[in-house]
Each structure stands twice: as structure tokens, then as C-alpha cells.
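Presented below, as C-alpha cells, is a lone chain in the form predicted on its own.
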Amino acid sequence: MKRLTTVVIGMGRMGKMRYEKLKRHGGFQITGVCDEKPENLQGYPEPGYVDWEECLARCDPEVVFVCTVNAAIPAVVCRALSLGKHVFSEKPPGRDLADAEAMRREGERHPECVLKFGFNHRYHNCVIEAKALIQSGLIGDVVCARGVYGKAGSPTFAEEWRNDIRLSGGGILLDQGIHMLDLLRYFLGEFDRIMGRSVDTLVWKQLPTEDSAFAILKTQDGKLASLHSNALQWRHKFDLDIICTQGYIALNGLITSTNSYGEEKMTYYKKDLNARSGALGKPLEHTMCFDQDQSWEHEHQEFYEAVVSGTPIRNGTAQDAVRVMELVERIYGNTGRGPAL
């Protein structure tokens, strides 16, 4: 296996997780780690840097993993691309649409470089199976979907950097809801209309960012989707219903590092108007349960193959990043970041 010299910029929670997964992969030779907080660099055998530009210059890696706060992502990504590095960046792709477009443009100026964004939810087993089921045609065509993605908050939620609008660019919609928006695009296609929205601070009144975001979206060919992203669920929750012409799919729970979203399941039901199963409105259900999260490994492998073999990035492209940030921008509307009036 070819080993790619790699640095990880940003060694907070996500950077530490990426670091461990990259070590296990075997194809990434980590030659440096970087974080502006020296305490986050303790305990690693690789050279540590507090200045990301010095890290890039001294390590001269082939690959850069960007796991910084949102505000720093565009500068690091664009500089790394300009130096001819392959880049994997965490989501969200910056603080706003302008950040995402800047990174896409820089990527287009350097087509020899691979640029991928970490929308790992597409690689969860329940999502993979749901996509395959839809593509099989067994339950017809997708017509609408409902997505709920909720957090419980925490005792220190109000102090987290993700709620500092200067660093994050937005609240729960940008932090977590962006994953559900990306999945809705993945299953239904591109949305060209926002039929309704409400972006509010309902409970965490001291926040400058929203703790709840509702949206209704519509594709050009008439598919509808609803989204509720919130930090006031009080129990971690992931639910996505995908309604088709001949049945429907329910995705419930998600295996994550916190193990707090419940068992990951995909259940599908075929339309049974003649009650062949014995009861109208209660068709036979088919459930698949999963007990492992391999999403990180799948997306790292796709990125690795793209760098080594030149295979195209299928998920988390720069175009995906721009499209989903366009939706975020439109849901926020003219109010900028934070709760809508």
C-alpha cells in the first residue's frame, strides 16, 4: 500500500478522531499535527506545530486533513491547494456560501489536487442500504421525505465555539442540520425552492445563534422535503422517512462516537392497499439493524483511492459543498446568521 505523507491541522475532538482513523487505515503516514492550543498537541509522536503555515512548510505533506474551526477552514484549504496538496476538509465548508465557493474555485485552479469534504453520513450503513433499495426500484420513486436531527445540548453548550458566530458562522442548522440537508439532496435531488422556513432561538435565549431550524424544500420536479434541526430535543435523535410511490423507508437511530442516537436501523414497507399482510395500514416490515459505524473508514478509503488511483470523488465533492451551503444560506434568508425575525 502506498503511504501518503499527511498532516492533520486542528487537533480538537474531530482532529483526534481523524488521526486515530488515519493511523488504522495504513495508507496515510502522519508526519505532523497542528493546533493553536499547545495542550492539544501533547502525547503525539509526530512533530507538533501551533502555526498551520509553518506546519505545511516544514512537513511539505502530500495530503492535508483540515479539522479546524469553521472560520479557519477556507484559508487552510485554499493555501494547501495552492501548494499542490490533496485536501480533506471537515464540514461545514466554511462559515457561509462565499467560503465554499472560494474553496471550489481554488480547487478548479488545481485540478491535479483532490478536494473532498467530510459529509460522512452518506457512508452510514443505513443510508447505503436505503440508497441501494431506492435504486433497485422495489418501492418505486421517491416523492417526499421528512428529516429530524436533534441534539440534547449540554451543561456547557452555550460556551461551545460552535455557538460563537465569529468562529462558526451559524448555529445548529450549520453545525448538524447540514448533514440532514445533504442527505435530503442525496435522496431527492437538487432543491430549487424554499417553501417555508423558521430559524429561531426558542430555549437557549443567551445564544447569538439559532437552536432550532425548520424548513420545507421542493425540487424542480415536485419532490418535497421537510427538515427540523435543533439543539433542544433533550435526547439525541436521528429520523429520516423517505416516502416512495410503492412503499416507504424509515431510517431511525445512528451509530456515532457518542453512542447516544440509538440503534441504527433501516426499515422498509411495501404498499399493501389490499391488506395482503392481514391489516390495512400495517404492511409487512423489513428491518436491517447495524452495530458498527464504518462511515469514517469508507470516506477515508474513497479519498485515498482518488489520490492514489485517480478515481473520482463520489460524495463530499466541492460541488456538493457549494450546493448544500446554498440551501443553508437560503434557509437563513435575509436575516444573516442566527434566529430569523
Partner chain sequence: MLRAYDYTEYTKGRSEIQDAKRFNEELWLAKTAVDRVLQLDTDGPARCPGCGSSHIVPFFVKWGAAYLMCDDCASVFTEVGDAALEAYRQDEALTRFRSSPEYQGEATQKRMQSWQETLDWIRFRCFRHLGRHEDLTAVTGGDRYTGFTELMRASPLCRSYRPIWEQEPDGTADIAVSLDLIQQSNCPERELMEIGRCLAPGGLLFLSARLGTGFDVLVLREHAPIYPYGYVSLLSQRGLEAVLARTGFEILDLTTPGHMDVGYVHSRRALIPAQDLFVRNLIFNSDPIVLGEFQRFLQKSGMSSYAHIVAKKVADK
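Note that the structure is predicted; figures quoted are calculated from it, not measured. Numbering follows the first chain given and starts at 1.
Just so you know, the form predicted in complex with the partner chain exists too; it's not on screen, but the next bit is about it.
Only one of 64 to 72, 303 to 311, 281 to 289, 24 to 32 lies within 4.5 Å of the partner chain in the predicted bound form by heavy atoms, and it is 281 to 289. In the predicted bound form, Gln42 stays away from the partner chain, with no heavy atom inside 4.5 Å. Proximity of Asp141 to the partner chain in the predicted bound form: non-hydrogen atoms within 4.5 Å are absent; the residue sits far from the partner.
At the 4.5 Å threshold, heavy atoms of Phe191 stay clear of the partner chain in the predicted bound form, well away from it.
Contact check for Arg276: a non-hydrogen atom falls within 4.5 Å of the partner chain in the predicted bound form. Interface residue among Ala98, Met195, Val203, Ala132, judged by heavy atoms within 4.5 Å of the partner chain in the predicted bound form: Ala132. Proximity to the partner chain in the predicted bound form, taken as a non-hydrogen atom within 4.5 angstroms, holds for one residue of Lys270, Arg162, His236, Lys218, which is Lys270.
Using a 4.5 Å heavy atom cutoff, none of Cys113, Thr317 and Glu326 lies near the partner chain in the predicted bound form.
Of all the residues from 251 to 270, those having a non-hydrogen atom no more than 4.5 Å from the partner chain in the predicted bound form are Glu263, Lys265, Met266, Tyr268, Lys270.
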